[in-house]
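Okay, so here's just one chain, in structure tokens, the form predicted alone.
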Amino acid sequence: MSAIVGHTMYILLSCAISLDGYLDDTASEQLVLSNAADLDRVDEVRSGVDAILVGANTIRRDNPRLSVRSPARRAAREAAGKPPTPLKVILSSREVPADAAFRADGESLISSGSLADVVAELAERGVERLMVEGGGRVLTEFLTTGLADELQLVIAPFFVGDTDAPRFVHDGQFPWTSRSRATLASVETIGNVALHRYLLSESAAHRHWLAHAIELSHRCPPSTTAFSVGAVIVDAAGEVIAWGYSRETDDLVHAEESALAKLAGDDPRLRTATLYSSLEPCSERKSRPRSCSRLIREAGIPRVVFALREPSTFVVGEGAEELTAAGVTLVEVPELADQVREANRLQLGLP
């Protein structure tokens, strides 16, 4: 079975919480969970999306502007043909205050429809990147329905300690459990808070690990007779168990071959792992008796994700067809293909 990951709406959840998981306390004034540096980071993230969504309770409680604040970022959006601040989407079944701060600038949309209907409407409007900033019930619904691609979670170094305060998430059936975990993409210290980035969708995880494989391909020693390829093997728990790149250990070794050589052939993790390769695994090679597609089949790896079909510069590649015929699930992510071509400018004769 093979599939292609195409362009769909990317939904990013963003919030800051206390160490015990609260979005706010019960005081009349809004609790400050972040710091100036992180607020500037959030502003940068906002500048890169098409719409920002919150629930009505967030509007009534916090009265956010939901705007891009930096003049330079607003100007950059306008230079790119976009409005200075993203579309503001408010989920509400009743009237929102006329003097709400979000009305000060930019276009807004107030909807009482279901979450799926609102997302569909935004897609029809051409929204490709949606940022969801709260509150807890809205975040919970995005999480439990499996609509979110990424969670950017900032953790402040203190406790609220009040069960009456609004929580980050409510009760629900979440797709991620101890057996099926989200992908931790990064952890970053920003002053006295910590930013955790989690990838929540399969497509987001595919792009993340493929990007890692492409980074590895830039380590390859230069060659005019073989492609520069990176490969990463990730187990069922989302942990990297091996990686490699072309010509890593000798002039002839391929990326997938190098990664697989770092694991025992009977390693049980291989039977549920995913191999990410920047380029379609080879089906034929002059330098070794076994192709990479054969090595993958022999290892029992059930899924392979790649960004670019092998160009016929050196051989005619049929790795995808061979793997599919053997029952391996193939996923192609063509939106990253140009990055693979860039890593192989010399081999492809690109200017």
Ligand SMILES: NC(=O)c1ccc[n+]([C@@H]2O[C@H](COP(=O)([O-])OP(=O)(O)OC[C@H]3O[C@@H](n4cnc5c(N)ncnc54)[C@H](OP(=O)(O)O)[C@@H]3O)[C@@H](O)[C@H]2O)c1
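Owing to the predicted nature of the structure, the values given are computational and were not obtained by experimental measurement. The numbering used is simple: start at 1 and walk along the sequence shown.
Another form, the form predicted together with the named molecule, is not on view; read the next lines as being about it.
Partner contact region in the model of the complex: 131-139, out of 131-139, 212-220, 239-247, 267-275, criterion any non-hydrogen atom within 4.5 Å of the named molecule. With the partner omitted from this view, the residue of 189, 163, 93, 178 that lies near the named molecule in the model of the complex is 93 [heavy atom within 4.5 Å]. This chain lacks the partner; the member of 295, 308, 56, 320 within 4.5 angstroms of the named molecule in the model of the complex by a non-hydrogen atom is 56. When the named molecule is considered in the model of the complex, residue 62 lines it closely, a heavy atom lying within 4.5 Å.
Shown alone here, residue 33 lies within 4.5 Å of the named molecule in the model of the complex, counting heavy atoms only. In the model of the complex, the named molecule sits within 4.5 Å of a heavy atom belonging to residue 16. A residue is said to contact a partner when one of its heavy atoms sits within 4.5 Å of a partner heavy atom; residue 101 fails this definition for the named molecule in the model of the complex, lying far away.
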